[in-house]
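A single chain, nothing else alongside it, follows as structure tokens in the form predicted alone.
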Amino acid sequence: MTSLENGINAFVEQIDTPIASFFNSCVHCGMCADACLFYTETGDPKYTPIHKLEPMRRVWKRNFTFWGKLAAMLGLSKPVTDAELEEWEPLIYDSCTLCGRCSMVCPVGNDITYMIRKAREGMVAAGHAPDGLKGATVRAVEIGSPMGVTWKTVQAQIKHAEQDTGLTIPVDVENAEYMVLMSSMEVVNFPEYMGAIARIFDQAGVSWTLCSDAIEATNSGIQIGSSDIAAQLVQRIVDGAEKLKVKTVISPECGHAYTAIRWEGANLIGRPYSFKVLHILEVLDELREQGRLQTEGMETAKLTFHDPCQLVRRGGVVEEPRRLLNMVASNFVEMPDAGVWNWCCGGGGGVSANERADELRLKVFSRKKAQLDAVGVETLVTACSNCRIMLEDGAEANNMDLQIVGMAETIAAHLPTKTSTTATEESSS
């Protein structure tokens, strides 16, 4: 069987009841175009979200509709070719971040993000996926990290975090309340995240641990479109959490990691978890509500929050970051289209791992720049390391004077100092 036949068969297998109903109900209104930054910032109709699914639509029509089957029998319709899949691959992978904004505006309720995910399954089976994303996926399977980060690298960062904070970073501790996951970007690009959560959890009296067998939360299988690989990567986390008998697994500041482990993981491995899954923002907000997260001082700089698509729009974590920012920021303002209507950073869904897409990604950053220009802030806070990298790239390319920081480190910067607490205790005695 050829790779094309494998791909077409994968398309056929992925056309379930929702997919069939979505294609059947699409009225070709074009509203999804105006919800997609790849269309709004280029004006090119090929970036209309539903258009990106044309090969899959043709497979659906030819294999699942009466008139399509009849036309195929009479030789009146052409099957999808390998050349067409190759032509469509950049649309599927370069110009879709799986942000879900198009699904929000569809008047008939079609989940176009779900459809793109299914189309990527067929693309992978047919051998059509970007080299960068293929490489990241191979590294995730073979090394345990899409960026090739090894446990030795993590240990080095643990040592740095312990030196910076004066705290012990717990590893492989059984029966802890929380098991903390990280993304490769947090290990390599933003190592301050580890120190921040160590300080927060120390102040809040939280028992937590890292797992040497399950550090990486990023799921390249979700991004490239391979459910088998996605399940394999989730299973590593499940095995680690169950080995250590933890109560809750914490997804880090990474959008697709949250989608993979929180919303899809149990279905991918075919059984329920023995533990809860929460995003780090949900945990911090719970600690705030319980009175275990205390802060002092306020940020006076004008700041705003970038809502990661997978966390906020598709994950429902909307109010938590705002409640946390209101603890430490006296001049927090919302961007236009904030919350569930926020515009994507432009690099989610595996686009950031695809160097071929860099020029397009930076071009469509103009939509995010317009949001930021409308409020004129000095600081941009986010809760996704991938978003943070993309926002830094976009700000640099557009010569924007903007500080971009993560939520955990922002909160950690306002923890009461240990010295003041000790001095108070000594004075009382």
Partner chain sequence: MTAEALLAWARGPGMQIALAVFFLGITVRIVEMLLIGRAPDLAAPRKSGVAAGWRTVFHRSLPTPGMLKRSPLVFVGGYIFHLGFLIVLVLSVPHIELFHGVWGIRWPGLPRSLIDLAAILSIGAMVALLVHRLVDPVRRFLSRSGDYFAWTVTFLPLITGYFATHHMLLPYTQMLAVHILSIELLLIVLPFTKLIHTFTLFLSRWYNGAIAGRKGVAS
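Residue numbers count along the first chain shown, from 1. Keep in mind that what you see is a predicted model, and the values were worked out from it rather than measured.
Form predicted together with its partner chain: not shown, discussed below.
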| query | finding |
| --- | --- |
| Contact residue in the predicted complex, chosen from A301, M298, A71, A266 - any heavy atom within 4.5 Å of its partner chain | A266 |
| Contact residue in the predicted complex, from L380, I50, M56, V364 (heavy atom within 4.5 Å of its partner chain) | I50 |
| Candidate site V328, E409 and L415: all three near its partner chain in the predicted complex by heavy atom within 4.5 Å | no |
| Its partner chain contact at R271 in the predicted complex, heavy atom, 4.5 Å | yes |
| Non-hydrogen atom contact P107 with its partner chain in the predicted complex at 4.5 angstroms | yes |
| Any non-hydrogen atom of H306 within 4.5 angstroms of its partner chain in the predicted complex | no |
| 4.5 Å heavy atom contact, Y114 and its partner chain in the predicted complex | yes |
| Answer range among 22-30, 372-380, 356-364, 390-398 for contact with its partner chain, defined in the predicted complex as heavy atoms within 4.5 Å | 22-30 |
| Residues of stretch 29-46 in contact with its partner chain in the predicted complex (4.5 Å, non-hydrogen atom) | C29, G30, M31, A33, D34, A35, Y39, T40, P45, K46 |
